[in-house]
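Shown below, as structure tokens, is a lone chain in the form predicted alone; questions about how it binds or moves come after it.
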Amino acid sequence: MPRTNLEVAAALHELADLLEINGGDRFRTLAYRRAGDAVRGLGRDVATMTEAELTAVHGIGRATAGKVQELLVSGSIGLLEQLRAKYPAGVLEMTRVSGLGPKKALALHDALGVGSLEELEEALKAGRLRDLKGFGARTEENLLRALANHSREERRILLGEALGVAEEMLDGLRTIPGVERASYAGSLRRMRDTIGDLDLLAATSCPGEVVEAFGGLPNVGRVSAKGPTKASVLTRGGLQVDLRVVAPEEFGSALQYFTGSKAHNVKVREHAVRMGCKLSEYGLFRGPLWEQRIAAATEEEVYGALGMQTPPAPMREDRGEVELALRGALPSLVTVRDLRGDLQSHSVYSDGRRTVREMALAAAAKGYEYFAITDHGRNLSVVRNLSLEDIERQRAEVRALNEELAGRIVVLHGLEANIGMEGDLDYPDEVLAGFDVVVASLHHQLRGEREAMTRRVLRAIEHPAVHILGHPTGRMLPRRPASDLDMEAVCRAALAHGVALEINANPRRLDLKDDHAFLARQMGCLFAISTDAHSPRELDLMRFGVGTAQRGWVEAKDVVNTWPLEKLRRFLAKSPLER
């Protein structure tokens, strides 16, 4: 059976994880992870590519391309099979529990013989970890909570991966004769950060034929259930996709129903009842026997018949959106079209994969007015970073590039500064003051106590050179949890010091997460939605950050990179602003 991009990427990530458990070179481990990310983001089927074509892809070197070819040709990777034989599968699964990385998982296996999630739970409940070096009673408590969460989340995939699969399935679905409209629904349409099963909806007058043809789409590995108007399949990558087929005149009410959330739908149906109506996936009805359908064709028609604005799908979580929609008072949410630039990206000066010029030209091609290069400061030792000489050389390069581009796009010379243990940054104040934009971010020692972690972040926010707090909690989906921060205190400080809170658009971060963005909006904070792009392709990740911002009800007026360059420069100069 041909290997899909997701399967190849999963094998490369597993190889990286096992190498890390095995104590392998961290740069080699990182190379396999980057190659997995690159394969997952390819715009074509990896099985159709030659080794030369693979090595031309940024993020894939000769060694990793060879491993991809080995997997495609033989069905396995020799090194991966050796490592699988050396470590029980459960040890690798243990590393995916938040707070339990490769070193700790291996320590538990060596010291206690723990080799599965079940054995880990038994050891935790028996208190066997607290006497081990590097663990303790508090670690046991945290791991028990993380294990409970893991059992709920283990079948979920990241938003970016899910959307890629959904769009591929929709492309296939729309080629089936008789399909008039099609959309994804569920938590994916609401832009949740992780997704369980995919929900697709199709409008057609010939449901049986569409259901039958859906099971034969190229990405379908197995049909697990099928009926007259619905089907469940597993993709070749193992993801469950549920299709519901409806009549064209019912598409809007069905899309509203299957988008959810459940809590939102309950609130809307309660309002319908108060109006003397009945709302279901088949439409909005009234009459003694509910025989009169008054709306169903579009979502706008359904909500309009209920006397409501149509809440954007990411808002539908019963956070008050129904009440606002009834008053005609929904916020004007930020959209991708509102953005005038990107304020965090990386080049070959640190861990990016393209030059400053290549990144700037890619941003210009997206129609941006401005674009910030923010390579890593010198205190982040795990990647290449900016020396003082690099800073001057890069600043001169940016200056020359702006002269060359002559206003086509303005490149801002920025820095992603590392927040130290005491809230300190990478360089003396006079060096920091020379950057156009400074993003301060947590990158290491992320598991401290709440008070200490919050104090560390507040000190960084208070630094006069800092403009943006980057990926504020440091989480990395699905394995690294957010740092324990007093987010209300962080928001108050950001508001007081004129620092924007980043919503990092990389699907592995989406940080601020939606509920933190919701809180920050309520407190009046400013935001920056940034891709943290390390290659031109990653500039396309912006829609995930916007989706998260929409889940937090963030409006365009409060996002600094929706502002014209002149207003942005006033913000960067810490000048008073009209909101």
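What we label the rigid core is the largest C-alpha set whose atoms superpose within 1.5 Å from one form to the other. A residue's number is simply how far along the shown sequence it sits, counting from 1. What you see is a predicted model; the values in this text were computed from it and never measured.
The form predicted in complex with a small molecule exists for this protein as well; it is not shown, and the discussion that follows is about that form.
In summary, among the residues E299, E161, D199, D436, the only one with a non-hydrogen atom within 4.5 Å of the small molecule in the predicted complex is D199. Residue-level contacts in the predicted complex: of R393, R156, K103, R286, one residue has a heavy atom within 4.5 Å of the small molecule, and it is R156. The small molecule is not shown here, but in the predicted complex it comes within 4.5 Å of a heavy atom of S261. Contact annotation: R357 falls outside 4.5 Å of the small molecule in the predicted complex, judged by heavy atom distances. Residue contact with the small molecule in the predicted complex: F214 places no heavy atom within 4.5 Å of it. The small molecule is not shown here, but in the predicted complex it comes within 4.5 Å of a heavy atom of Y257. Of the candidate stretches 472 to 480, 493 to 501, 181 to 189, 331 to 339, only 181 to 189 contains residues with a heavy atom within 4.5 Å of the small molecule in the predicted complex. For the three marked residues, T374, R521 and L526, no heavy atom of any sits within 4.5 Å of the small molecule in the predicted complex. In a rigid-core overlay of the protein, Q309 has its C-alpha displaced by under 2 Å between the shown form and the other one. Core-superposed comparison between the shown form and the other one: the CA of S261 stays below a 2 Å shift. Once you line up the core between the shown form and the other one, the Cα of T355 stays within less than 2 Å of where it was.
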